[in-house]
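The data below hold one chain only, encoded as structure tokens and taken in the form predicted on its own.
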């Protein structure tokens, strides 16, 4: 790299691909490859390559805005804007109590910002009402991880291990469009002789790479996993020694598995029994868990498809049970993993944005955890609030129990389920303040909009889907009237009576985060900015090694100085010796298939499922401002099978009205054999009449509180013939 090039990372998905930013002579920066970073080895998708375009003045906010007397957003100075936010929060608290003030964060915030936001909510505002949009990302997988393994990290192994295993079952993930640089690991897997099974109701670009594509009805992944395990039992693929030595609960889980025989599973899922048998043989190889492929082993990787369901936690548990029963967990080149979606979806929930968690993945209702974190923060543990509402429940309470909201890095007007209802709830607030880099659809509704820096204009850490803590480094200065989120929290805290405790320097915040996380499940105490740079990221857990305690971590861990043991190396691979449960054994969880919260009926005869497209990201607030990406994906569409199109009398490009019990969306038809005849698909990146989340069902998983984004009942009609 030249002296004018800064090593950093992409601002989008959880791969956090390495890239360089080179300064242009005429100003600004351009992206250059960073081949040495192991995750993407220089490869980037179009979103990463064009990310600097959102830094341009025409695409982003460049100064604070406040709601004027005439009802319009008007330019303001920082002093006025911060004063208004502080006054709005104080006024609400005085009128309605502390829990009438809510905080909503984002999975794209750095670890430092997520940590500071959680601390701000609980120490300054003393509200329990904080959650973040990462609840909509992988909370079901996180809950299932905790139940089975005692610890949640998206992937318990590095991405490089995927290419070396024997077989991968990829469930509800379209890597080719959502994380294109990761597709190389599946390509390398097949080149080495391994097998790829893709489970998806659509024949996506990823499914086209599969050795076997299973195409179940939306919402039936749980039955599919149970059926595969039933066949593994029947055909002699159980790893009895592994079950006996390293797990608990198989006897309790087995009856539910045996109740899902192949023919029943075919009726539920629509996947033919011969395909079920073929999948089990590919995954299990030979009996006893000793696959004879080049490298052996097997992995199940899930994403939003099976997780964004009202039974998502149980669905993931069923896939984990398949791994445990066949000995494909807790061993090299084997295991279950979740493909985290948002850029810092992993770190964002580890350090305090989530309603029930404190830094270090500690539980807010654990007295020891409260005592440890309160000591770091210098407050009384009894002053910390109890756990609050989950993300959708918090948004649903706006204007009812929660009357003011500080929102940072999220756009629920587009991204929340039952989005028209949530938009109404946001509009009913007494006060709304939004920190964002662009004037999103949600920011446009705010009383105060605070413009904040972007990835290239600030330094901070994120944690990618492998659990690798990486460092985004500042490459350029922001516009003069733009501040960092940490500066915003510093300014608000001082106005609300906290002159200390909220520094604006990210490394100072990270050092406090290390102390707060020390000894917790997500222990970062041994990680420093210097180590991250020198080692291309450090995998947590990484406790600090101190001379007086050996490898153990004390609650007051600080950087070691002088002679002593070498620093902890980090943990790229979890569970090889023991699981993170009290007895070191993984736990089977008994589960049974149940229908989705909403099944097709006479009035709504089709399934709707939603997802992403290659050129756009999440709510599109940033990518929709990039001309190249808009040219590739200019707007929403409805994908439907030719049989369904013929039955409806519509053709490619015709405007279709898709209606659910919650509302109506209109978008052009895209006719394709890649989707089931009983299912339609819509991407969720756009607002307006094509907003897919107008339709989606907010039914919540009872454990994770994840909404059922991935399946609901709809009817589809030509827009010019729509029913009234």
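Numbering follows the first chain given and starts at 1. What you see is a predicted model, and the numbers here were worked out from it, not measured in a lab.
Below, we turn to the form predicted together with a small molecule, even though it does not appear here.
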* Asked: Out of the stretches listed (678-686, 22-30, 653-661, 64-72), which one is close to the small molecule in the predicted bound form, meaning heavy atoms within 4.5 Å?
  -> 678-686
* Asked: Would residue 47 count as a contact of the small molecule in the predicted bound form, using a 4.5 angstroms cut-off between non-hydrogen atoms?
  -> yes
* Can you check whether residue 114 is within 4.5 Å of the small molecule in the predicted bound form, heavy atom basis? -> no
* Does any heavy atom of residue 444 come within 4.5 Å of a heavy atom of the small molecule in the predicted bound form? -> no
* Asked: Is there a heavy atom of residue 537 lying 4.5 Å or less from a heavy atom of the small molecule in the predicted bound form?
  -> no
* Even though the small molecule is not shown here, does it sit in the predicted bound form so that 242, 337 and 464 each have a heavy atom within 4.5 Å? -> no
* Work out which of 131, 152, 314, 200 lies within 4.5 Å of the small molecule in the predicted bound form, going by heavy atoms. => 200
* Structure fact -> Answer key, the small molecule contact in the predicted bound form at 4.5 Å (heavy atoms) among 609, 140, 490, 165: the residue is 609
